[in-house]
Every structure is written in C-alpha cells, then in structure tokens.
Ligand code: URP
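As structure tokens, one chain now follows by itself in the form predicted on its own.
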C-alpha cells in the first residue's frame, strides 16, 4: 500500500521546507509540492505539523540479564513503546557474560527480536572476553551484518575486560573497520569505593554516585582514548554524563583520536538529587554512570548544540520499582541499574530542548537520528528524508499538550522517571517503511514486521 503525507513542514538535520512525501514499496519515492494520491493510497494531512525522519535510539537494552534479574521489556512491549515515542529503529546492546559464548549469545539476542519487533533493529556486539575463539566468532558476527562492538571498562568480573583484552579488541576493530562503543568507568576505583562506602554503613541509593564520581568516569574515558590513539580504532563513548569526561574525550579528538560521543536524555533533564530522594525512592533513578550535579546539564546541552556531542540515546533498561529495585534496599550496589526512557526521549528533546531554546529543530533531528545513522552505517537508508530512503517518518504535532504518566506508557515497567511532567508536542503519526505504526499515542503497527538491519563497516 502506498502512503502520501501532505502539507507537512519537513525538518532534516540541514533543511526545512513544506512539501508532500510519497512512499511506496517501503521507501520514499517522491518529494514535491501538491502531489496527488493514486487510488488506494493512504493520505495523511500534516498541515501545521513537522515531519521528521524516524528517530534512532543507538543504545537500548530490551533483553538484559543483569544483577540476578531480567529487564522487564520484550521486543513486543519495547518496540511498541519506541514507536509511540517516535523511535523507528533500535540498536540494542548484546551483552553476554564473560562465561558465555559470543556467537551463541548473538543468536540468543537475535531470537528475542526476530518475529516480535514492530520496528527495525540492529545490535552492538558485546565483547566481554577476548581469546582465539572469541576473535573467530567476532569475525563471523561482523560478516552477519554487525559493524560495532560494545566493551565495558566497568562491572569487574561480569562484563568488564582487562587491558590486554581491550588492546586486542581495538586492534581487531581497526582491522575490520568496526566501531568500538565503550562504557567508560574505572572498574577498580568503583570496586574499591563501593567496598569503603558499604563498610562505613553508607548503603542508600544516593551513595551510588559517590562510588563513581565524575573523576572515575573521566579516568575511564582517558584510559580508552590512550588505547584508541595507539591502535587507530574508531571509538564511541556511550552515556557520557559530565564535563570532566567530555573534556577528556575532546582533548583526545583534538589529538586525532576518532571518537563519537553519546549522552542520554536522562542526564539532560534529571540530576543526582533525584537519586537522593528519601525512603528508597531514589532507587528509581540509579543508573551507571550516575545522574550528576545539575551544572552538567548546560554543559551537555551546549555540547549538543555546538557539535561536540554527537548523539542522544536512552540506555533504556527497565526494572520495576516495587519488585526489582528493592534487591538493593540495604546495599546500593545491588540495585538493578537503569532509568527507563525509551518512550520519552524524542518528546523530551523537543519539550525540554527545542521549546526552551537549548537546541534547534535541526540539532534535535541530527542527534536523535541523522548522526546515529551516519555513525553506525545506516545512512542514507535511515536518518534522513530523501528519495530512496526507508519511509520511516514522524509527523510531530507541536501544539499537543499532555502529561507523562506510568499509567499511559507502553514500556513494561511500573514507574515513570518523569511522572507528571508536561509535554509540549508529541509524535502524532509514526511510520515504519511506509506503514503507519503509531497514531496519537497508540500503537497501530504490526508486531514482527521489524527487520534486522545488516550493517557493513564503511570506515577505512
């Protein structure tokens, strides 16, 4: 079935104009004024609304065994939440434990998505150990369409790799043209500080920040940048949270290190006072790296505006407040980490970013879609509005007014970190490859229609 979107104001990373968009065979085929719909075409009148390219979340956890439990979403619930919020493509972190087989883990994560997801998807392949078998399997996984790895310089004994493994992973990535995405914290400093805090009886959620203050994240970034500089690998820092870490990344970039930088919507709109709420309420806001002092918010918004920070993700990891977060009631190190945000990222970028003048519409599109597609070998199939691109489109109503609530969200988790927050605009219609998948806050798509996106390394 063909689709015609009429009269909308098209917003891309570098252009803005009013035109109609005609889509057939899952792609955009024509953009012009006053297009006529052929018989049988679905027509959407977007007058007074923006039309964005589908947004891409480059950092989500849908299937995640973590800290003795599992994240609450599946691709059934997670993809619906994404689409209602204007996100049409997910890149999930495939995160095997050190004891797990890499290829078997890749197959396991793939099985969670294929035939279930309503939106398109891909993966970053986690490298949680590096030996001869792992290297052979990573080469095979790249042949299967993965062009990015994920490493942890944290979670000692679980996901974390040592320096020899780090060096060899980066060397392999350089050879294959693969980007290495990295969680940057110093695992030894985190482990020692956690031990000291617990020994002193400091066990509440607010202590999570004290176990990994900004200097710990900055040291992790510096560490990665040293290895990246020596190997020539392309890197991408996930969930950067503070000025100290940003300074280290920019200094390395100025030396010629290839590094992309991601921040999260949570760091842009929340601060560490939320994790310090009394009566264990702060557990809702525990994530790693932690929420920072509010002074960092302006640094991050300005970094997005000025192009120093490339993308905004969510690190979506939903754990219930009532039954899962209390695993750490008497020990903050046992609180499952994550602030679920998949459904709200785009709306908050607009309401708290564009509407307040912190960023403009082009920046919003770039950091939420276009730059992600370019970074991870999806452009121009994704991330733009032009003939030949997939017909992933978001008709966005800037006049909508509403309120965020766990009662109306599609994420399968029992709280919202943004409960009661007002929205000034939202996606009114969302399409995936030319098929309407969400309307006015409701999922209307087809479960299982989402495609695995094979990505070929384009560097070097």
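Quick caveat: nothing in here was measured; it's all calculated off a predicted structure. Numbering follows the first chain given and starts at 1.
Note that the form predicted together with ligand URP isn't included here; everything after this is about it.
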Exercise for the section: With heavy atoms only and a cut-off of 4.5 Å, decide whether residue 155 touches ligand URP in the predicted bound form. Expected result: yes
Handout entry: ligand URP contact in the predicted bound form: residue 421, any heavy atom under 4.5 Å
Key = no
Practice task
Flag residue 343 as yes or no: does it have a non-hydrogen atom within 4.5 angstroms of any non-hydrogen atom of ligand URP in the predicted bound form?
Solution key: no
Problem - Contact label in the predicted bound form: residue 49 to ligand URP, heavy atom within 4.5 Å - result: no
Fill in the blank from the handout: TL;DR on 60 to 68, 430 to 438, 398 to 406, 33 to 41: the one with heavy atoms within 4.5 Å of ligand URP in the predicted bound form is 60 to 68
Exercise for the section: Taking 4.5 Å between heavy atoms as the contact cutoff, choose which of 310, 122, 337, 248 touches ligand URP in the predicted bound form. Expected result: 337
Handout entry: Contact residue in the predicted bound form, from 351, 288, 296, 147 (heavy atom within 4.5 Å of ligand URP)
Key = 288
Problem - Residues from 79 to 97 in contact with ligand URP (non-hydrogen atom within 4.5 Å) in the predicted bound form - result: none
